[in-house]
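Single chain ahead, by itself, as structure tokens, in the form predicted on its own.
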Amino acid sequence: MSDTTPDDSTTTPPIHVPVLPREVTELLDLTPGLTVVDGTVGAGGHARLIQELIQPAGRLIGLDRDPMMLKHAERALRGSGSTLVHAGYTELPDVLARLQIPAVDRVLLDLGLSSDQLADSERGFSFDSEAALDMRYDTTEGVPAWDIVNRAAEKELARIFYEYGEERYSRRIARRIVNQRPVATAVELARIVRSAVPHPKGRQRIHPATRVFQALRIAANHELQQLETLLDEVLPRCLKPGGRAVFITFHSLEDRLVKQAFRDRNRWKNLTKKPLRASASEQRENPRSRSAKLRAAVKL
């Protein structure tokens, strides 16, 4: 965890477009003077909108595990007085303690993979990447995806693909990977997965390796465990009574955890009995928004 004022002199402009921007700002119910945490600040798209609505005297704290995304956020928020910290959202209690802030008014979490991360050919997130199959948001910690792919037993790989990717051909894919190891790059893994699954007639809606890549990314970054910690421990500790939490999820595993947490009537007043989805026009303009689901709640 570290405060950051990144040098963006070599950073290319971000391509990421924030999803559901109007819905996010409306459900956060932003007014001047609030203290707001964007726990996955990314390229700063949502954070910039938030910052405009909480001034004067408001404070925005942006966290991200990915140093590259913090460089984009610093550019987007330059001159706003925001505080950007290289940290994961589960580290929020420590961040607030260092900033001498007892609790905050609002928390936003956009849990999706950024378009900028996907486009970074050196990270291994995309199917055609020739670089090492890394997939970590912060490459200075944890185990890269290639290590999981090449060291895990066949049964463990199948479990990862099934539990984290909901992949119906998990055992078949795991067996094919083990038979063709070592796997070094994303493009190699995508080829192996494609060779292991049936090819339906007609145009495929998604790449056949989509669920496997999702599963490995979740495993490499401990995403579900981190989300559970946030919901069970961090938010109750760091959000003021009457404060609001807004989540954007992009797959059913994340959405299910948020949905279950917000059902706790002793802790939350649920503002979204059904998740909000992007409008047809937003989906046309930003295809990434098609799978986005937004849920919000007030802490009791």
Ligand SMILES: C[S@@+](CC[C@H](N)C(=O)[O-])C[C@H]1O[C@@H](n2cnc3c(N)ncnc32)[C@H](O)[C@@H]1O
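The first residue of the shown sequence is 1; numbering continues from there. This is a predicted model, so every value here is computed, not measured.
The same protein also has a form predicted in complex with the named molecule, omitted here; what follows describes it.
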- [ ] Give a yes/no on whether Lys259 approaches the named molecule to within 4.5 Å in the model of the complex, heavy atoms considered.
- [x] no
Q) Any chance Gln117 has a heavy atom within 4.5 Å of the named molecule in the model of the complex? A) yes
| said: I'd like to know if Tyr89 sits close to the named molecule in the model of the complex, meaning any non-hydrogen atom pair within 4.5 angstroms. | reply: yes
- Query: If you check in the model of the complex, is Leu113 within 4.5 Å of the named molecule, heavy atoms only?
  - Reply: yes
Partner contact check in the model of the complex: of 231 to 239, 263 to 271, 29 to 37, 43 to 51, the stretch with a heavy atom within 4.5 Å of the named molecule is 43 to 51
Interface check vs the named molecule in the model of the complex: of Tyr164, Phe127, Tyr169, Tyr137, the one with a heavy atom inside 4.5 Å is Tyr137
Q. Taking Arg65, Met69 and Arg288 as a possible spot, do all three reach the named molecule in the model of the complex with a heavy atom inside 4.5 Å?
A. yes
